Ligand SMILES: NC(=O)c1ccc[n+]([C@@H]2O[C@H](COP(=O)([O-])OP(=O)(O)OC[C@H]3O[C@@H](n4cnc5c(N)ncnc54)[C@H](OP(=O)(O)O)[C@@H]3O)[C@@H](O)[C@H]2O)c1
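Just the one chain here, laid out as structure tokens, in the form predicted on its own.
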């Protein structure tokens, strides 16, 4: 039995679809049961509730052999994900694939990077078998730029000329699915997931130009301009601060860490930026958001 937390999110729902296709025994832990019914295939064992409910979490984890640990960024993230780790220790000791992210480190100034590191340390200290996946930047984060690129020929961001190693959420999901089904593949390892080449936003604009068949250029924003734009987005202050921390981290080069891990694991090249944007345009932007770095 495999448990997926965060099953209705970007990664979770893609993993669920692949596990169903592979005919794997599966259960999901979600906050919104109706949303799960709408987004996920029928016939899945659904546990509905909050990760703060330890009794529910323990019931969901009990009897599983593998768990994908992922939840939305939250100031209580360490406590919430910690409930899953504690439940794993108290029940069937499943293998855990944890999805972390940018600048996962105990001394990170990126708040969620520090939170991810705390949970990774808890898992390591517990002795549970695990793999930590660290995507730095979802290509899907570019979807909210599509309307501006198409209508105005402009994309804006606060990352300067920094190179960023991006990755398609579908590739993350495929890697995660493979690990959940083959627990020995990357046992007790930490893996940064990216394409094989880092890109600047000038290059992103060039690819938009290619897929939209119109000139698109990149306009750099200051971090203050980014902050002012985020203040109109109705996001909580703690989340706005994290988004600004992401921008700072990219400006400092923390996103320039391209590697071949995706290709090595899947036996095929990672999805390129061109392939992703072509697909996004054809699908009319199913993952669009007003948030430049959604959690």
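Source: prediction; values computed, not measured. Numbering follows the first chain given and starts at 1.
Beyond the structure shown, there is the form predicted together with this ligand, which is absent from this document and is the topic of what follows.
Q: Given that the partner is absent here, does residue 2 sit within 4.5 Å of this ligand in the predicted complex, heavy atoms only?
A: Contact check for residue 2: no, nothing within 4.5 Å of this ligand in the predicted complex.
Q: Looking in the predicted complex, any heavy atom of residue 176 within 4.5 Å of this ligand?
A: Residue 176: no contact with this ligand in the predicted complex.
Q: Contact with this ligand in the predicted complex for residue 11, defined as at least one heavy atom pair within 4.5 Å: yes or no?
A: Because a heavy atom of residue 11 falls inside 4.5 Å of this ligand in the predicted complex, the answer is yes.
Q: Do residue 227 and this ligand come within 4.5 Å of each other in the predicted complex, heavy atoms counted?
A: Residue 227: no, not in contact with this ligand in the predicted complex.
Q: Are all three residues 16, 27 and 43 in contact with this ligand in the predicted complex, where contact means a non-hydrogen atom within 4.5 Å?
A: No, the candidate spot makes no contact with this ligand.
Q: Using a 4.5 Å heavy atom cut-off, which residue among 233, 241, 50, 260 comes into contact with this ligand in the predicted complex?
A: The option sitting close enough to the partner is 50.
Q: Check each of 191, 73, 205, 146 and return the one that places a heavy atom within 4.5 angstroms of this ligand in the predicted complex.
A: It is 73.
Q: Spot the stretch among 266-274, 27-35, 59-67, 252-260 with residues whose non-hydrogen atoms come within 4.5 Å of this ligand in the predicted complex.
A: That would be stretch 27-35.
Q: Could you pull out the residues of 79-101 that have any heavy atom within 4.5 Å of this ligand in the predicted complex?
A: Heavy-atom contacts within 4.5 Å come from 80, 99, 100, 101.
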